[in-house]
Structures are given as C-alpha cells and as structure tokens.
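This document opens with one chain alone, in structure tokens, the form predicted alone.
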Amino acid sequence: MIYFVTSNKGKYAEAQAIFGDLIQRDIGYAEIQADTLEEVAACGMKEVAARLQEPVMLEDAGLFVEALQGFPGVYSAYVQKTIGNAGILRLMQGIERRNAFFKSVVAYAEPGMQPVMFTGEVHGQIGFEARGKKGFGYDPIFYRGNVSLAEMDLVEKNKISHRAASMRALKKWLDSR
C-alpha cells in the first residue's frame, strides 16, 4: 500500500487511475522556495517520510512557458492561486510563440531507503482562451494541438500527461523490484 501525500483531488484521481491501490493523505508539508521541482520534492519527501514511516509518494509539478522565461515554473501553484489562468492569458497577450511544457516530479520512499525520483513532461502551447471543464489548474489553457487538457477525459489525458508519465515510471520501477 502506498500513501500519496496531496491535498489535490485532481492529482489523486490521476494517480489512482495508474496505481489503483493508493491512499490519499492530506497531511501537508513545507514546500521550500527553490530553483527546481526536484529540490522541492526532495525536501518535502524528507519531511513526509519521517512523519509517516510507510511507503509514501508525493508529486510536484509546474508549468513552464518559454516566452515567459519558464515562468511560472516552480511557482505554478502560487501563481494559479493568485492570478490564475486569466492572469497567464493576460501575460501572453500579443505573444505568438506560445510553447510551454508541464513537468512533474514524483518522489517515493519507504522506511530505511533513500527517496527516488521520477520525472515526466508534456509539451504543448498556451492557448488564446481557456477551454474545457475537465481537469484542474492550468489544464484549460494548455493545449496539445487544438485541444486543451481540460477538454480531455481522464483516460485520454493520462495517455500524454506529465504526471501520468512520472507516475508510470515509478510504477514500472516498483513492479521491477
């Protein structure tokens, strides 16, 4: 049994679709200000692993917009809470090159082991408008071709998403042990 530490029900649903047997734990942990998702995940995992003493995983993700020099990046959750999708679309006004990518870092640990990390990315573009009601966060403004992630159902999204890629890498690692 693996405990997935997150307060985000959308993240949990995506992970549950891949792992099946997973328990959500909304216990919170300190998220440091850092330059990389890996640093944030590693620091969070130290705290979480010490507190739970069970097989545990957590995930940190970010949206990196090329025209904004990688912003919001590691600050994606804060930016989503403060300016949201409408704010990102305002920042992108007048910008034609809208390449962006999501990156996910999943950290996993068991008692007595050093944490391991797995990453996943999905590349696309920031749309000119928010579309779709599925998903969460930046999904309505992140497009693959002509479709936003928020227009995809969970099965379709999990075929391509950054989070699904990092979670599948962890699952493959666990299955090979």
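Just so you know, these numbers come straight off a predicted model, no measurement behind them. The first residue of the shown sequence is 1; numbering continues from there.
Separately, the form predicted together with a small molecule exists; it is not shown, and the next lines address it.
Participant: Considering non-hydrogen atoms and a 4.5 Å limit, which listed residue (E39, E31, E121, E54) is close to the small molecule in the predicted bound form?
Facilitator: By the 4.5 Å heavy-atom cutoff, the listed residue in contact is E31.
Participant: Should G44 be classed as touching the small molecule in the predicted bound form when contacts are defined as heavy atoms within 4.5 Å?
Facilitator: No, no contact at 4.5 Å.
Participant: Heavy atoms within 4.5 Å of the small molecule in the predicted bound form: does I83 have any?
Facilitator: Flag for I83 set to no.
Participant: I'd like to know whether A77 contacts the small molecule in the predicted bound form, with contact meaning heavy atoms within 4.5 angstroms.
Facilitator: Yes, A77 lies within 4.5 Å of the small molecule in the predicted bound form.
Participant: Looking at the partner-bound form in the predicted bound form, is A49 within 4.5 Å of the small molecule by any heavy atom?
Facilitator: Result no; A49 lies far from the small molecule in the predicted bound form.
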